[in-house]
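Single chain ahead, written as structure tokens, the form predicted alone.
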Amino acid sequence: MEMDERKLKILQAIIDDYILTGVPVGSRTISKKADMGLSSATIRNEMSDLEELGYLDQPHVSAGRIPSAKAYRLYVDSLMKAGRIRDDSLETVSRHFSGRVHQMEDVIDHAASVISALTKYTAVVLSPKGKQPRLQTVQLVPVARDAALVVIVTDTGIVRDSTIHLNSEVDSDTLYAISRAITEAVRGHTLAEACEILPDMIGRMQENEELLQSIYGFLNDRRSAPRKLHVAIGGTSNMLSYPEYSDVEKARSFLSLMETRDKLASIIDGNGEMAFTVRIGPETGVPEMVDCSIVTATYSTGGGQQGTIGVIGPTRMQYSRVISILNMMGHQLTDLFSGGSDKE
């Protein structure tokens, strides 16, 4: 028995209906579709064949059929139509990321929140990893008579800042001149390389030795700090609104997994550049996610680093819409961290 065009058409209609309703689909439901042109009896026979082929499951003797993980895999690979994003969804994303870039963690947290709001599923966003970021600017901003804010900006759009205290008052012109000198010396270098360059500057600018030593200490602390992967989660409770997770034990297992961020990161972590990965049900390899699908995409930074964005939803998720949203968000984050968005 082979899949023919009619079986594919019926299977797609069943999947489309089940994604929308979550209710097992019967032959009469499919026969009423205007473009089907088949009797209930014919559809019923085809559904029996699809069940035998492993594409449909029958949860109860008298109930309709529901798609299997095998059916969703065929749907994603061959039958799914490209999804469209509403203009107001595009505006939502632009509004969240049109402002000045601050800490990367804040941007990632916002991204998880926006994705979960747009998809109504659970979103997970991982911070970039890969090559060491390279410095673009080091700025000194006076905040008090005896204190200055040192701000470092990297080629990935990452901003780090800290207040340093001064034993003597330093005017704004001096701070600006030192900022320019340091920036010219360390631009394009990693933090580790910058920490090798600064001692020579300190020796040549002894009149501002105290200030430069403070800046050196700040950069050295950032260099020595362990680079921890930031995992942002949005819409964890969204999954509880789907009947697949109405069972208390199943819901508890899922929520427990969401709290284990290291494990969650290893599940979500993707490969490739802007390529999509769709894992359906058992393909996730995670018992707590046997009724879930995971869709992931990647985003890049100007420094050659790469992060991952993902959506966790029921196996009957709206795949085309999720992929479209992740595509949009991936490009938005790539532009943002690569300098495509305005940054001050």
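Residue indices: 1-based, along the sequence shown. All of these numbers come straight from a predicted model, not from anything done at the bench.
The same protein also has a form predicted in complex with the DNA, omitted here; what follows describes it.
The candidate spot formed by 174, 199 and 208 is out of contact with the DNA in the predicted complex: none of the three has a heavy atom within 4.5 Å.
Using a 4.5 Å cutoff between non-hydrogen atoms, residue 64 counts as a contact of the DNA in the predicted complex. Taking the partner from elsewhere, residue 44 is found to have a heavy atom lying within 4.5 Å of the DNA in the predicted complex. Taking the partner from elsewhere, residue 38 is found to have a heavy atom lying within 4.5 Å of the DNA in the predicted complex. Within this chain, residue 29 lines the site of the DNA in the predicted complex, having a heavy atom no more than 4.5 Å away. Only one segment in the set 47 to 55, 278 to 286, 292 to 300, 311 to 319 has residues whose heavy atoms sit within 4.5 Å of the DNA in the predicted complex; it is 47 to 55.
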